[in-house]
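Before any questions on how it binds or moves, here is one chain, the form predicted alone, in C-alpha cells.
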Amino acid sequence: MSGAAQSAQAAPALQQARPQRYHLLLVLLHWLLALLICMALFMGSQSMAPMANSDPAKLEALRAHMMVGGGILVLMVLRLLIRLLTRHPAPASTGNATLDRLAPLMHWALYGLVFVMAGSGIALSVMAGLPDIVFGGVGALPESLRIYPPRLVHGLVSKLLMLAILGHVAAALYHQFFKGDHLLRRMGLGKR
C-alpha cells in the first residue's frame, strides 16, 4: 500500500480518536474564568471607574478587583497548560475558509488580552504602590491612577477584551442556533 493510501486510511482514525468534548478541567475553568473575567470587567468599568480615589469605598473595590485579577491570572495559566496538554475536539467549521482561519486566532487573542490585562494591572499596581495602600493600609490612593502608563493599557485592553468576548459569544451562538452543529456541547458538563 502506498504512503498516500496509508495516510488516507489513518486520517479517519485520527478524527475518531479526537474527543467530542473538551477535557472536564478545561470546561470548568472556561466557565469559572468567564464569570470572573466578566466580574472584573464590570467592577473596573462600572463600579470603580466613576468612583473618586478619595472615596473610602474605592479601597474595598480595588482590593476585590486586585484579588479577582490575581485569581484570573493563576487560573488562566492553569487553563493554558491544560489546553496545551489535553486532546480536544476537531476545529468547528463555519463553512467559510476565512472565518475558519480567524477562529483559532480569536481564541489565542482572548488568552493574550487576558494576560495583557493582568500584566498591565500588576504594573499599574506596582507603579502606584497599591499593594501597600490597598492591603497594608499604608498611605492613600494617588489622586488619579491615569498618570501611570499601564493604566492607559489596562483601560484600552479592557475595551478590546469586551469586544473579543462579545465576538466569541456571538460565534458560539451562531454555531449553536444558525449552523445547528451543537457547538456548545463541546464546552458542556455532560457525559464525556
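In this text, all values refer to a predicted model and were calculated from it rather than measured experimentally. For every residue, the number given is its place in the sequence shown, counted from 1.
The form predicted together with a small molecule is left out here; the points below concern that form.
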| query | finding |
| --- | --- |
| Complete contact of L145, K159 and L183 with the small molecule in the model of the complex (any heavy atom, 4.5 Å) | yes |
| Contact of L59 with the small molecule in the model of the complex (heavy atom, 4.5 Å) | no |
| Partner proximity in the model of the complex: A140 to the small molecule, non-hydrogen atom cutoff 4.5 Å | no |
| V169, heavy atom within 4.5 angstroms of the small molecule in the model of the complex | yes |
| Partner proximity in the model of the complex: I133 to the small molecule, non-hydrogen atom cutoff 4.5 Å | no |
| Residue (of L28, L163, A34, M127) lying close to the small molecule in the model of the complex, criterion heavy atoms within 4.5 Å | A34 |
